[in-house]
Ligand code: ADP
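Taking the form predicted on its own, here's one chain by itself in structure tokens.
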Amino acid sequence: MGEILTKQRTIWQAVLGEIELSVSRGNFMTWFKNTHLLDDGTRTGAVVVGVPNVFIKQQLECKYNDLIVATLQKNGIDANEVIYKIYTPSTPREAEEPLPPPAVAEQTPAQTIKPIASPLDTPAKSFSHAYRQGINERYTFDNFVVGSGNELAFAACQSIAASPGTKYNPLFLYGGVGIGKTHLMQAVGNAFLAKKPGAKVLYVTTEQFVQEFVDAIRFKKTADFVAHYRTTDVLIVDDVQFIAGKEKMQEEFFHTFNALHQANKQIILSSDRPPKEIPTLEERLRSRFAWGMSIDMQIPDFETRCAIIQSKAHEHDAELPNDVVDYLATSVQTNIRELEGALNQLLAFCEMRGLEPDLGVATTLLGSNKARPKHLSAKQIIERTARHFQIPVEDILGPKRDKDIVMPRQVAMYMLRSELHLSFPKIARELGRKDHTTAIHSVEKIEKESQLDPSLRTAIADIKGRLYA
């Protein structure tokens, strides 16, 4: 029995690893993180997934069932039918009782979508900081792989952990998705807490900060909000670029920043771009973000990717041949999360079938994860985007402002930025626009909406897949 449970846990971890790469972190943490595989369908023909409460059950049934079925099938489970069953191991007798929606449950993380309204909600208990996520203990300096693209950031973070608030304040880390910014920032928090267990270390995303500020105003708890954020010893804010354009948020963050900095408390920020390139960010914040030290974290090089794979494999008590390590490091070049997801998929597949993770298995299973071609051009991206949305290229390049044309045009601008890293003026020229602020607005809009809209995220993934096929 124990062997069956272990196998089911391994399969479900592999499934969750893939799903985490295809949905936003907020949606994953809210709807998927606390689920379990109760039955893989071997005996009954129906896969049973355990969920914490009725709200998550409804969301998975209505919105994510197709994704779960497809991911199960990729991992060797023929899921003709998936049943979602309310399952709370610690309190089985209460399992059938409806629980509060995720946005007000104590363990719900920061990155949630808009909570489902409940008649049980009252202003007195709604603002209880339910969005707070805290430091993840898994993120430490010891399990962070250092390479040429992140060694400066690693050294700065170690220095800060040893003596927060005295140098590099604020520390501003910027770079692409999945290159280790969150890991390093939280490693600082964990190291400081290990040295001073009673210290107040707060990790938040900008979305969380915004949500709590809105709740504070709504439920007349602004004093509570201010006291919480301005009395911390180390404040870590992820994805600070999303504060741009929100005037009230920027004003509150400005005062919080000033209060902490004046008290020599450490501030650590991350973004996908340097402060000077964050559009619609107030100048007073832009200058403060640049006060301390700004570090550009680069995509890990081949040797670093190999070291990451070997380190993660070791955590799973697995040994990979060198040719498999090389293959994985070559197949996934830009995103550490995708790299870890590919490794998890390979290990789970081999464990389920009793195979050794050799090069043949890896190429068969992960053959679609090919290295991106170097010859990709702006013209190819625009043509592929137009083809996906079934509109002429001339419409994307033309002056029309119809809704069914504007959105594909914005997606094309976003793709030119994310895939070719073109400057905003260059993007504007490629799309026949005179003003590059249009490109800035379009990229920002698609970045934000793709986190909330699964159909848009799927469209972008499909365009990328066909470009790199």
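Given the structure is predicted, the values throughout are model-derived calculations rather than measurements. Counting begins at 1, following the sequence as shown.
This protein has a second form, the form predicted in complex with this ligand, left out of what is shown; the following refers to that one.
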Practice problem: Have a look at 325, 156, 285, 179 for me and say which one sits with a heavy atom within 4.5 Å of this ligand in the predicted bound form. | Solution: 179
Quiz item: Using a 4.5 Å cut on heavy atoms, which of 220, 276, 314, 138 is close to this ligand in the predicted bound form?
Solution: 138
Self-check item: Interface membership of residue 167, this ligand in the predicted bound form, 4.5 Å heavy atom rule
Solution: no
Quiz item: residue 183 near this ligand in the predicted bound form, any heavy atom under 4.5 Å?
Solution: yes
Practice problem: Give a yes/no on whether residue 144 approaches this ligand to within 4.5 Å in the predicted bound form, heavy atoms considered. | Solution: yes
Quiz prompt | Residue contact check: residue 233 to this ligand in the predicted bound form, 4.5 Å heavy atom | solution = no
Quiz prompt | Output flag, 75, 358 and 362 jointly within 4.5 Å of this ligand in the predicted bound form, heavy atom basis | solution = no
Quiz item: Heavy atoms within 4.5 Å of this ligand in the predicted bound form: which of the stretches 316-324, 394-402, 337-345, 205-213 has them?
Solution: 337-345
